[in-house]
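For reference, the chain that follows is the form predicted on its own, supplied as structure tokens.
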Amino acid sequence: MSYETISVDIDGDGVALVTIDLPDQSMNVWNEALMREFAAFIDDFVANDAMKGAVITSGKASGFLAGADLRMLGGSQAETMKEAFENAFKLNAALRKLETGGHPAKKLQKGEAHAKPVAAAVNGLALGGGLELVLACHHRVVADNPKIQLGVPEVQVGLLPGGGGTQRLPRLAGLQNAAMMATQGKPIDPATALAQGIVQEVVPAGEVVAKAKAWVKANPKTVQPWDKKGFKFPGGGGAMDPRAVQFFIGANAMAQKTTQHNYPAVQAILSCLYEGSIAPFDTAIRIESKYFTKLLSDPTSKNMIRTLFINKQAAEKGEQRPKDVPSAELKKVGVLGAGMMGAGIAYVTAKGGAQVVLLDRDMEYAEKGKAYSQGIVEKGVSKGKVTKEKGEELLARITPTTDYNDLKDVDLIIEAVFEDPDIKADVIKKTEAVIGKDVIFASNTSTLPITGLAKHSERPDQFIGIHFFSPVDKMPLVEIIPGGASGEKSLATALDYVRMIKKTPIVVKDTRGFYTNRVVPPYINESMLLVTEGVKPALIENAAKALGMPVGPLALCDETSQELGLRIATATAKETGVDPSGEPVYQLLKTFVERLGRKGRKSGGGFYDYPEGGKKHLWQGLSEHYPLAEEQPSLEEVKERLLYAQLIPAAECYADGIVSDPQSADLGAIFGWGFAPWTGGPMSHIDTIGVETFVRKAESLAQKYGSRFNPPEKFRDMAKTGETLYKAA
């Protein structure tokens, strides 16, 4: 039998070497073709006496198998739950047939039958359904490379391991290890997998197939541990084992504390572990597929798959890139300004493989900018994340300088100097005097419109905004802002650059604050307004965390600083001519900055105190200036205000075309300021609750708290027609 996704070579001893190698794909994944062909191979393997055993490996240098193609799951069109279950159970059924040889479990337990030996020769990463295939093999050999990732990350897109992972992992590594892997989605390395009993051998990369074959030949009759009579879970399992009971009580409490009940997948994984530990294996995998099917039909999973996988990948592959512009070859990049942002940009650019000319007005500052990268590299070396040699290579690519002539042969300029139009105008003029005529000039401004800055350029069609977030080395989002005169080449080059540094881009309209900085301030302002109303700070922070935000808005305010908030408020007032003195939030910022000297975390305190060597805690003296109200709002009321303080401005940005599609709005929210990932983003959340419900709730909040909660007219119109945001998308 011939296949397109796998090859099968049978040696003289009857051992089939099965090599997974999907055509025209950089990585092996469980797609429809592989699912179909692998199931056909299993049928042949079980029935064909010429095959005495099998070794499964990969033909890709990129890894073994990276799990299911989520585009296939995201587009699942099953008409009934029964049909959806049957689709979900296909992989479980195929892998179960592989490990049992098609024999009933009772025969295996009685010793009346055995399976043909199957070994996995893992030469690279095995994630999700890839690791589940490995677990279904009777013996697992992995290459001795600490960078190889073995894990079940499905929880990160709202799903659970659906190919037996919630059942084989605890039977090999124990309930606790399995729960940590499945509920956190973090991979482990081969040495850890060996120590936990998940794999049996870790050998040099060139020996994985030979070692796997040797085991197959030495074990012609085999049975999985859980198919043997008297099998017990390592470390205890079941409803009556005190160790398992204690584990489930603690695991459930810890999981819900972490997830705030926002992620159904975590609860489903723990249910699979519990129910599966008291059921026969064949029943246990059906239980797993039941929960998998339920999750797949849940809006949370659908939204997370769409935003965090499908749309994220599309953005990173250049979905918004002009198609007819040749790819830019960015070998050398000039970074202007070696402050915190410039230093971070220099690091990610060098990490992406390009040479960096890091320019500042003073050599001491330029050297300090490079030292930032040195600090990251040294930390990475100490933790074993990067070799000393690779770290030195990265640092060698960064050249600090004060001489503009060193920019003469760069392929791209990224300006990250102080947010002052005059200073930026000066560096634009000096830089354009030496760089090539076709070099794109990008500004990392967070507040100044690109069209205005481009007026200082002699080539405005080659001028564009690339807005990073701080800290640059950790924040995944980048906003690309074409100015009024920016040409297609500037947009294409900016997106090529972002792809090189492996960030997630969104293209936004040129306007003050762009997208993220038009949504985050109203959110932070709402939290400060609650403080002025006498709402307990802990209630505000806990409400945000209950929503699924990574940190509370008051802590976020401290990070961005009250001083910056006051500066922006003052500048906005000057620009608009509106007197802010009657605004409670403006007065709070003035009090914090001018009277109390609590300017934010960098100054040593804001809404929180930051004791040296200790944990931050809410400032106890706040109530002296903003006394607590006798009657406090409910948690749900505060959650609602904080949620809609983000949904409304995000909706306004979409309605005004600042973000042109719901995908960009969702990606920008989750990866820009940490908007609750379980929602799939603000536009996904509005679609999920319904545009009509969103409009009705927004209008209710506007009546109660003020016009800032009024929904955009576009959304009112959509509510009347029953239109959804993602219908066209």
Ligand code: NAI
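Each residue number is its position in the shown sequence, starting from 1. Everything quoted here is computed from the prediction, not taken from an experiment.
The same protein also exists as the form predicted in complex with this ligand; that form is not shown, yet it is the one meant from here on.
**Student:** Within 4.5 Å of this ligand in the predicted bound form: all of 178, 233 and 283, by heavy atom?
**Tutor:** The answer is no: none of the three residues contacts the partner (heavy atom, 4.5 Å cut-off).
**Student:** Can you check 639 to 647, 86 to 94, 122 to 130, 463 to 471 and let me know which stretch has heavy atoms within 4.5 Å of this ligand in the predicted bound form?
**Tutor:** The contacting stretch is 463 to 471.
**Student:** With this ligand left out of view, choose which of 339, 102, 633, 187 has a non-hydrogen atom within 4.5 angstroms of it in the predicted bound form.
**Tutor:** Partner contact (heavy atom, 4.5 Å) among the options: 339.
**Student:** Select from the listed residues 370, 351, 424, 306 the one whose heavy atoms reach within 4.5 Å of this ligand in the predicted bound form.
**Tutor:** Result of the distance check: 424.
**Student:** Using heavy atoms and a 4.5 Å limit, would one call residue 454 a contact residue for this ligand in the predicted bound form?
**Tutor:** No.
**Student:** Taking 4.5 angstroms as the cut-off for heavy atoms, does residue 419 touch this ligand in the predicted bound form?
**Tutor:** Residue-level check for residue 419: yes, a contact with this ligand.
**Student:** Although this ligand is absent from this view, report whether residue 365 comes within 4.5 Å of it in the predicted bound form, heavy atoms only.
**Tutor:** Looking in the predicted bound form, residue contacts with this ligand include residue 365, since a heavy atom lies within 4.5 Å.
**Student:** Is there a non-hydrogen atom of residue 182 within 4.5 angstroms of a non-hydrogen atom of this ligand in the predicted bound form?
**Tutor:** The answer is no: residue 182 has no heavy atom within 4.5 Å of this ligand.
**Student:** Taking this ligand as it sits in the predicted bound form, which residues of 442 to 463 have a non-hydrogen atom within 4.5 Å of it? Please list them.
**Tutor:** Read in sequence order, the residues that approach this ligand (within 4.5 Å, in the predicted bound form) are 444, 445, 446.
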